[in-house]
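Here's a solo chain for you in structure tokens, the form predicted alone.
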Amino acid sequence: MKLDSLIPAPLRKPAKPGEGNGAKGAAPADLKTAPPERPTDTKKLADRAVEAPVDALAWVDQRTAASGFLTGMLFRKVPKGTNWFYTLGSATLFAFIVQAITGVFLAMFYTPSTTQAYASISHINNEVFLGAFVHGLHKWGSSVMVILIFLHMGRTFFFGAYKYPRELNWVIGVVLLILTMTMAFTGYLLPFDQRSFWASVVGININGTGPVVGPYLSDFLRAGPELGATTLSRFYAIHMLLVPGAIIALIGAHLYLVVKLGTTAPPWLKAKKPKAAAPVSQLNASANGSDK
């Protein structure tokens, strides 16, 4: 063993500020001549304001883990041949969102009374700012939503997307179709004019002709011996509270199964069959030929 290894190396004298080299040595020349300006309080406040939405979203994401669901939903694999027919479900969802938003604004001015319902609708159309536009958007949007959900169900059926393992999602879609028709039927009476009154009378009577549950369903919708104030209140509650709540819950389950199970390819695109394995005798013959 050498003695030099036991003697510690002499301690170097620390360099003066501005001397030496490396990251801890001399400062660059531009820092000496033009030192960086310190950010003012106004700039710090502006930077915090810009970062506030990002920090808020990060705070929410840490506690809900929503980014994982959104990533799986937006960046999932889709089958080859996906076309515009696959957007009918999203279009129906967008139509429902429009109906929900416009319905909330209409409910702020609507009065569910047999003596004031029609007057409140006239007030919305004639006096409220953009009332006629919102009412028209809600009125015609209901027809658009019904058409879109029928097209979506037709695409699902003809593309065979109701088969295994998507049977449960098909059942949920059928229930959503029934709820959409119920929401359109109950909303038709709310203006309570002559046309909506007699159309609702005909619809309730048609429901009463159904087997077994028909008469009970008719009595439930009528809410009395004849169509009147109680009927209007019941239709308003079903249209505003019961049906939209059920639709929102089923849409959540529907989207979860779509993300979980994926979508089917169009029927005109058939999967390529794997090549059949060669018989063992043929493999042995080819191996013997190569040995020769």
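Model, not experiment: these values are computed from the prediction. Numbering starts at 1 and runs along the sequence shown.
This protein has a second form, the form predicted in complex with a small molecule, left out of what is shown; the following refers to that one.
- Three-residue candidate spot 145, 155 and 169; every residue lies within 4.5 angstroms of the small molecule in the predicted bound form by at least one non-hydrogen atom.
- Remark: residue 254 counts among the residues lining the small molecule in the predicted bound form, judged by a heavy atom distance of 4.5 Å or less.
- Using a 4.5 angstroms limit between non-hydrogen atoms, residue 90 touches the small molecule in the predicted bound form.
- In the predicted bound form, the small molecule sits within 4.5 Å of a heavy atom of residue 174.
- Contact check for residue 106: every heavy atom lies farther than 4.5 Å from the small molecule in the predicted bound form.
- Between 47-55, 262-270, 233-241, 61-69, the stretch whose residues reach within 4.5 angstroms of the small molecule in the predicted bound form through a non-hydrogen atom is 262-270.
- Between the options 220, 118, 86, 197, the residue in contact with the small molecule in the predicted bound form by a heavy atom within 4.5 angstroms is 86.
- Residue in contact with the small molecule in the predicted bound form (any heavy atom within 4.5 Å), chosen from 183, 161, 134, 190: 161.
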